[in-house]
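A single chain comes next, written as structure tokens; it is the form predicted alone.
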């Protein structure tokens, strides 16, 4: 069992990197709009079907489709907030929650109509390939996904911290009225933040597809993990989402290793409860 410990930890880190990318989009939307985006899982599922269609019908590898699908999902997210969620909610948090829930219901049922409930996968040259790294055999698809996820997370952090647009988004998140006084339009920044959060799902879909199946229900499992990561790391915290994703990935793998497939999944909720008992605001959450 000890010989399997290191591969389990490394495998959990590789999976956790993509989990973190999904959670980064969710924590960005929460940090700026201060609402939980119930459409997050449905949008991830739609992005995965988009990547599957590009691969199955056009022969475009998911990694090559990543820039295209990321841009497309940004446009989808921006348009959803600008023309549906924003106008319907009229700036009220409760109405925004209901609007995102309505969007999720429409997307989920639309996917069931178009694709039925069947699961689909694609074949890529690297899907089953393994890379030798000392005593470890690393799945090439997950290693590529992990590296890409970390690079995209770093780019997102740099955009938010170093660009004028990123500073404007953070200003609106902290003090919308003060931002308006210096000429920043909050609704425009909200739409931009929602678009960026959705774009993260486009990238995550391309990184997940070589290793995971896609079906109309796939978003539900990933969004539960994403919600857990966001609360575990601290609501609205970028470092928390990254560390939380890696921690959940490792916990998931170790639970499966020591407790088996049937009892292994219970380790993530137990970790979640333990962290919140010791630190209710999450690992990187600010105390109030």
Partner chain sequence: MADAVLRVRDLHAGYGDFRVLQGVSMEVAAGEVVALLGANGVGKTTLNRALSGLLRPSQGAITFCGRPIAGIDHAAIVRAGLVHVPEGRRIFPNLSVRDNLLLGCYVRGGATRAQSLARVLESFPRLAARLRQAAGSLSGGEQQMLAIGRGLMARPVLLILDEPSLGLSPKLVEEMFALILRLRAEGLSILLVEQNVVQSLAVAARAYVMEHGRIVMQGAADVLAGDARLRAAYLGL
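Residue numbers count along the first chain shown, from 1. Here the structure is a predicted model, which is why all the values come from computation and not from measurement.
The form predicted in complex with the partner chain is left out here; the points below concern that form.
- Put simply, of 179, 99, 218, 76 only one has a heavy atom within 4.5 Å of the partner chain in the predicted bound form, and it is 179.
- Across the options 179-187, 108-116, 137-145, 208-216, residues that bring heavy atoms within 4.5 Å of the partner chain in the predicted bound form belong to 179-187.
- Taking the partner from the other structure, the partner chain in the predicted bound form has a heavy atom within 4.5 Å of a heavy atom of residue 171.
- Although the partner is absent here, residue 167 sits close enough that one of its heavy atoms falls within 4.5 Å of the partner chain in the predicted bound form.
- At a distance threshold of 4.5 angstroms between non-hydrogen atoms, residue 123 is out of contact with the partner chain in the predicted bound form.
- When the partner chain is considered in the predicted bound form, residue 161 lines it closely, a heavy atom lying within 4.5 Å.
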